[in-house]
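Next comes just one chain, in structure tokens: the form predicted alone.
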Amino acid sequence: MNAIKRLAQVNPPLLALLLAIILFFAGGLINPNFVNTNQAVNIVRLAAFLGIIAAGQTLVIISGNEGIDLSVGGVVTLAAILVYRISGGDNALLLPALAIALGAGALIGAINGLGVIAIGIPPLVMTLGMAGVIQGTILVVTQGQLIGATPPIMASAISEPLLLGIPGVIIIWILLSLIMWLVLERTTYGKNLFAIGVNRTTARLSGVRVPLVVVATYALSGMLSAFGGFVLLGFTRTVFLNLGQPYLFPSIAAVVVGGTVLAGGKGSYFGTMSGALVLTLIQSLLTAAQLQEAFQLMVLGVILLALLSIYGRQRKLRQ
């Protein structure tokens, strides 16, 4: 156990990845047909949707100040509805619809950031309130009638095999991971993000424009959540009013299980990817065991608590 804790402190993403591999092969004990190449691809495909949606959550949590974006689920739903309605199933209108959806997500995120940094509203309160505003707006505008269609090109580019039998969403996830790595490790914004996550006062005295970084972070979170809604629409090919809500809690859990510290200042998107794989595998194993949904939630909660206790956070959430 001590060796596991040391590994969790030194390299949490690697621990999460090793756990995902162990869980995958453990699936063979529940169902002999669980361990095969097709199942592995399917697990990664399902994890990709969660991993993409959790990308923005990763940035917000790294930024510190108890930052968690609770508007993620609402933005995912809103973006999917916008693409669904604006494109109307026309491939030619897909890019304009995507641009509008991404813009809406970025705007919502920027408003979250301004509320947090300019007015001083706690992130949890600000983003929770914004989630309510989004959901209410969707209901008022749509009147519960979701009219539109999904462009055929989305299904072929996201759900179906795109290269060497690999579904398009996995390729999209890999490309996004490269972009996230570059942003976090090779840009001034990334360095400033980790700096404000460690200590905002010190970062400000070091010349970091903290308000700008915070607003940009929440705007990116909104935009990435909107992109997650777009990708999810390509998989479901339809929308409903709570499309993104099931991804809210898992998007936070994936970040934390991947080793990103809730207090901020330490983490990586590779960890989030590993965390998404772990959560997806746990859910798949619980489903394979044919447990009722209530018991699945209980077991999932216990497992997450056990994982967090193993990680042994170096800092408390509040300092």
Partner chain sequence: MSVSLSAQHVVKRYGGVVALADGNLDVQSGEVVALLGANGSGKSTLSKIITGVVAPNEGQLRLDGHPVSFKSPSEARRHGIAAVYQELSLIPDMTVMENIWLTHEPISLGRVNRREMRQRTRALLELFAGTYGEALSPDAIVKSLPPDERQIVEIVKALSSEPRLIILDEATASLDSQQVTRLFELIADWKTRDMAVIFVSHRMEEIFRIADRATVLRNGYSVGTRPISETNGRELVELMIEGATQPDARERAPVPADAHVRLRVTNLSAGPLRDVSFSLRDGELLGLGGLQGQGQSELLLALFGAMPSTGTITLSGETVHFRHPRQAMKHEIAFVPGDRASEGLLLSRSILENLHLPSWHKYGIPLRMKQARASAQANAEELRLVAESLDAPVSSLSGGNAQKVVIGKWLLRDPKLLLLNDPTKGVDVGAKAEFYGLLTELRKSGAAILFYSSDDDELLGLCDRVLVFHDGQLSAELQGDQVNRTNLVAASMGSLHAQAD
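Positions refer to the first chain, counted from 1. It should be emphasised that the depicted structure is a prediction, and the values quoted were computed from it without experimental measurement.
Form predicted in complex with the partner chain: not shown, discussed below.
Listed stretches are 241-249, 207-215, 171-179, 81-89; the contact stretch with the partner chain in the predicted bound form is 207-215, by a heavy atom cutoff of 4.5 Å. The closest non-hydrogen atom of residue 192 lies within 4.5 Å of the partner chain in the predicted bound form. Interface membership of residue 265, defined by any non-hydrogen atom within 4.5 Å of the partner chain in the predicted bound form, is confirmed. Within 4.5 Å of some heavy atom of the partner chain in the predicted bound form lies at least one heavy atom of residue 203. Using a 4.5 Å cutoff between non-hydrogen atoms, residue 188 counts as a contact of the partner chain in the predicted bound form.
Taking 199, 236, 156, 142 one by one, only a single residue has any non-hydrogen atom within 4.5 Å of the partner chain in the predicted bound form, and it is 199. For the partner-free chain shown, nothing in 93-128 comes within 4.5 angstroms of the partner chain in the predicted bound form, judged by any non-hydrogen atom.
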